[in-house]
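As a starting point, one isolated chain is supplied in structure tokens, in the form predicted on its own.
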């Protein structure tokens, strides 16, 4: 076991391998407040990568309804329970944030790697049953109800609630699947941090399935190997002719009708820290505004997919799922700064990956009251740039409106 620093936990932790950072890290931000659960992303991934025989139960991308839904069933509850059994009552966080190196404070409990050592494993985990893999849409749209329908609903927290959680491989900085593999068949690409399985080395031992807490490696019985999300790396490399060589968003990101997804690459330092780059939209939203949070950071894998927490859900549930930064993230989302208002317009406006942005000031167009505080709205323009500094997209905070001339009346 090596000693590595996990900034999401604000402390050192145990991991099988010495720290090694890619040049760029694949990352994404999801806005759970806007998801339609239309499953367009799910079917785009399925029709591209997992449509073959033996892959019927593989859903590398899925959207599940929380708190009851999950694929496989109960994947998060079971892992949380295993951590609690290994360290009863100890899964706590310090209350104070510790700056850039510990933005959410310090996690004082056990990670899956810490707990795994006590049972002679690289990470604590379990293997889902066939029944748990059988229903990818189990409990869709099933709410928690506390008899509040007669009273109606009000923000900031609803008494009857559910929300949609969009999931794919997190391409973690400390992948549990990678540390678990007896064959060393799993690796992180140096150029973009995408985690892949070498099919020629894999022998289907399923240790990756067991020890990944997010259950994103999946066993394929006909080939007797494990497979997982590949981050659409041909698109991220820029080999798709559609963008003429520019790095491109993944399939699940590019098709989103609700415009809830923003995927890109963040620059990494040799020690595994993120290069300070507040003009990168992902860095800005995750590290500067702290509006987007990792999913179950207490697992210890340092996932690189981040979420805007849903603002109507009871806060204790969100703190368990996204860590102690949930309250601050919601506050930053419901009353965004002027710069953040502009950056939020970049979600799903281009298939090309945006590496940096610039905001051009516009006129003030409105002033509204949010939770008793005044928020000014400006019609600023945000420009997104590619890796080489070329302009990719230009949008305004206020969406332009166009009225059709009278001669184009609907005659149906």
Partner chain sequence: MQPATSTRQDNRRLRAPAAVLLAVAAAVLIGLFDVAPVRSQIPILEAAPTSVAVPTDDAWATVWNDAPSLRVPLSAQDIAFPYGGGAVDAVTVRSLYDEERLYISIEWADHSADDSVSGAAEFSDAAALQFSADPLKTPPYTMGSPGAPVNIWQWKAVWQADAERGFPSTTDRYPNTHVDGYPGEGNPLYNPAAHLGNPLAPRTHASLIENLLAEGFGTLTSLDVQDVEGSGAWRNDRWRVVFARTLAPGIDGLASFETHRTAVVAFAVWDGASGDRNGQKSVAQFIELDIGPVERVAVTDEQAQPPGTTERGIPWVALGLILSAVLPLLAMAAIVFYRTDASDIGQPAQRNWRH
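Worth saying up front: this structure is predicted, and the values here are computed from it rather than measured. Residue numbers count along the first chain shown, from 1.
Unshown form predicted in complex with its partner chain; subsequent notes refer to it.
*Asks:* Flag this candidate site as yes only if 130, 207 and 210 all have a heavy atom within 4.5 Å of its partner chain in the model of the complex; otherwise mark no.
*Replies:* Yes, all three are in contact.
*Asks:* Looking at 278-286, 178-186, 238-246, 258-266, which one sits within 4.5 Å of its partner chain in the model of the complex if you count heavy atoms only?
*Replies:* Stretch with heavy atoms near the partner: 178-186.
*Asks:* In the model of the complex, which of the listed residues (77, 270, 221, 157) lies with a heavy atom within 4.5 Å of its partner chain?
*Replies:* By the 4.5 Å criterion, the partner-contacting residue is 221.
*Asks:* Among the candidate residues 337, 142, 199, 145, which is the single one with a non-hydrogen atom no more than 4.5 Å from its partner chain in the model of the complex?
*Replies:* Spelling it out, the residue with a heavy atom inside the cut-off is 199.
*Asks:* Is residue 117 close enough to touch its partner chain in the model of the complex, meaning at least one heavy atom pair within 4.5 Å?
*Replies:* Looking in the model of the complex, residue contacts with its partner chain include residue 117, since a heavy atom lies within 4.5 Å.
*Asks:* Since only the chain is shown here, I'm wondering whether residue 315 would be in contact with its partner chain in the model of the complex (any heavy atom pair within 4.5 Å).
*Replies:* No, residue 315 stays farther than 4.5 Å from its partner chain in the model of the complex.
*Asks:* I'd like to know if residue 54 sits close to its partner chain in the model of the complex, meaning any non-hydrogen atom pair within 4.5 angstroms.
*Replies:* Flag for residue 54 set to yes.
*Asks:* Classify residue 122 as contacting or not contacting its partner chain in the model of the complex by the rule of any non-hydrogen atom within 4.5 angstroms, answering yes or no.
*Replies:* Yes.
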